[in-house]
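The chain below stands alone and is given as structure tokens, in the form predicted alone.
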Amino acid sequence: MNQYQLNIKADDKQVVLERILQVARYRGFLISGITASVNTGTNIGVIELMVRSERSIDLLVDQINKLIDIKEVTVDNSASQECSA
């Protein structure tokens, strides 16, 4: 099973995190960690999402990018790895 870290920038709205988690679950990704913070000056939230799956990470990135409040999604390749769990 592969593990990936996504770095997501999004508008600071209450529903954004719920939508991201819903998309990850619907696409078959297991969430193994999450960190979120907001820059109150710009109202932009930064979310670091750790996910695991046998599926291609591009599938999840494309779906998250379709959400209306998302500004940017990148995969941190230095944190990506194959895990045996």
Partner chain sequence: MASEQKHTGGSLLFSVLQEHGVKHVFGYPGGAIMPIYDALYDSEVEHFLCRHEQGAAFSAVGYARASGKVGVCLATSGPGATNLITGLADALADSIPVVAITGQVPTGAMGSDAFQEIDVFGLSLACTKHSFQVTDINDLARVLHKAFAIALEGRQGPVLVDIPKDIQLAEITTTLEDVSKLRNKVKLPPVDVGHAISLLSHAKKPVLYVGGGVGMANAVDELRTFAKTTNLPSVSTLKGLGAIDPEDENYLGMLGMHGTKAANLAVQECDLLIAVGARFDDRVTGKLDEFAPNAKIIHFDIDTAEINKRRFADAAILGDLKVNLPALAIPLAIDDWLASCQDSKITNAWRYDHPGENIYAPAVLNEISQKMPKNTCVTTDVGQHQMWAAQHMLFNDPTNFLSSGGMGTMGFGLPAAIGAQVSRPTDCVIAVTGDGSFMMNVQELSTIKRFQLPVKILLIDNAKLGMVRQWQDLFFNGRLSETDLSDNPDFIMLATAFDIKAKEITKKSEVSEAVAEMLDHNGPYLLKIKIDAQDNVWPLVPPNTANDKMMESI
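Since the model is a prediction, treat every value here as computed from it, not as a measurement. Residue numbers count along the first chain shown, from 1.
Keep in mind that the form predicted in complex with the partner chain is missing from the display, and what follows is about it.
Asker: Are any of the heavy atoms in E72 no more than 4.5 Å from a heavy atom of the partner chain in the predicted complex?
Answerer: Looking in the predicted complex, residue contacts with the partner chain do not include E72, since no heavy atom lies within 4.5 Å.
Asker: Is R19 one of the residues lying within 4.5 Å of the partner chain in the predicted complex, judged by heavy atom distances?
Answerer: Taking the distances in the predicted complex, the answer for R19 is yes, it comes within 4.5 Å of the partner chain.
Asker: Would you check, heavy atoms only and a 4.5 Å threshold, whether L30 touches the partner chain in the predicted complex?
Answerer: No, no contact at 4.5 Å.
Asker: So in the predicted complex, does L59 come within 4.5 Å of the partner chain, heavy atom to heavy atom?
Answerer: Judged by the heavy-atom cut-off of 4.5 Å, L59 is in contact with the partner chain in the predicted complex.
Asker: What residues in 54 to 68 sit within 4.5 Å of the partner chain in the predicted complex, counting heavy atoms only?
Answerer: If the 4.5 Å heavy-atom criterion is applied to the partner chain in the predicted complex, 54 to 68 yields L59, D62, Q63, K66, I68.
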